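Below you will find one chain, with nothing else, as structure tokens; this is the form predicted alone, and questions on how it binds or moves follow later.
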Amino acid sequence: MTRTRIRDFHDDDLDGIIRLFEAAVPESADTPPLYPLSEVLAACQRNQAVVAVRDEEIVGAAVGRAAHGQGVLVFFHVLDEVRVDPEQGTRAEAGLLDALERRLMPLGLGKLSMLIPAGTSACDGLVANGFETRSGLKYVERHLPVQRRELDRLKAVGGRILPRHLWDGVSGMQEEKDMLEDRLVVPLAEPDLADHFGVVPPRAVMLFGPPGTGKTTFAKAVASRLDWPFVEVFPSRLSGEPGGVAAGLRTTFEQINELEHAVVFIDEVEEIASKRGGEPPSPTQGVTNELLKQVAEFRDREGRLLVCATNFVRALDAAFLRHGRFDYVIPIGLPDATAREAIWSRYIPEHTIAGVDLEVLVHASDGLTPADIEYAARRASQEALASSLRQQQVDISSRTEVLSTDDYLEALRATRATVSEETAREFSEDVDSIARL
């Protein structure tokens, strides 16, 4: 199936919006739409509208406007042939709502809502994307994750709102997902439930493991799952701040503290949290001291989560990993067979996968990271495309099986493993001696 993409509404999309409206509200419908076609078209041109496009055809749209201090959805629909596809439908609905929210946030709106008949496909799509139903009329509303007053603060620290469903997009790694769900997501998303069981929501966690195992992906997925802004702090960029890295850290965390909610991520944290000591003291000792101070202060505030990641957990200062600073020290290792199968399934084209021996690829990719497997899959696809172009066999309609198991095995042979046997052995040792779950 051709990929569905999301873009802004253009004036020449009006015919497509009309066809979409007619598909959403057939003449045989018992209940007339709350907003007539004329009002939907006017809102497209005067307010905010985004469309989903496939093969240059409008297959979905979300139209909204500001009213009484909140955003109101005037029209939301995705064609049935797209919506029923498990992957395309979810992406189209979530992508439309994400794009529309980004355009409405600067208007100072606190909610996005829509009055819609219960049981319709649009209602189901809204509820699946975080909207809550209100009363028997199926009035659905959703609190926007960032209010207008916070937008400038979020931009100042380089933060952003991540797309929905990143959590579902993490292929395999179910054991790690379950652990993060239980330890992080549920206590933070449902503090009353956590309090009932005497669980204190975490404030800071450390992810460690070999390069390419998905630590950054998991941090983003947690932010998406919580529907909190994601702020990544880059140690290398802080060196350019007046006063150096330590002053940059202090200023950055002061700005983050003004946000109501945030997942703050520091990758390669060993750069600013290395072991202290020696005569004379190491140049980074002052930076490590400042970071330890900021972590302690960060923990005093609710509605925030600090996620640090490192490839070299042994290089961290001992004080950094003590109880009271990080609630959990979580290993993120190489994917097991189940996870590798899920990763391959994600990157092999849908029309090709039936002819590929996944079991062979899973066995052949043992010891590879998710990033390694993604590289091999994309390399195989690129080589197949290049071969088709050379042979002038690019008619999609007449070619269904363009990639074979051998193509992927050939790509695997050209893929260097990120994690050496020594690194994997050291990681196993670190899990036993350092991990805290």
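Numbers follow the displayed sequence, beginning with 1. Note that the coordinates shown come from a computational prediction; the quantities given were computed from them, not determined experimentally.
Below: the form predicted together with a small molecule, not depicted.
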Checked 289, 216, 121, 251 for heavy atoms within 4.5 Å of the small molecule in the predicted bound form; positive is 216
With the partner omitted here, the residue among 106, 355, 243, 211 that in the predicted bound form has a heavy atom within 4.5 Å of the small molecule is 211
Query raised in the report: Is the small molecule close enough to 267, 343 and 374 in the predicted bound form that each of the three has a heavy atom within 4.5 Å of it?
Result: yes
With the partner left out here, check for me: in the predicted bound form, does some heavy atom of residue 201 sit within 4.5 Å of the small molecule?
no
- Query: Hey, in the predicted bound form, is residue 171 touching the small molecule, heavy atoms inside 4.5 Å?
  - Reply: yes
### Distance check, residue 285 to the small molecule in the predicted bound form, heavy atom within 4.5 Å
no
Is there a heavy atom of residue 133 lying 4.5 Å or less from a heavy atom of the small molecule in the predicted bound form? no
TL;DR on 35-43, 383-391, 366-374, 407-415: the one with heavy atoms within 4.5 Å of the small molecule in the predicted bound form is 366-374
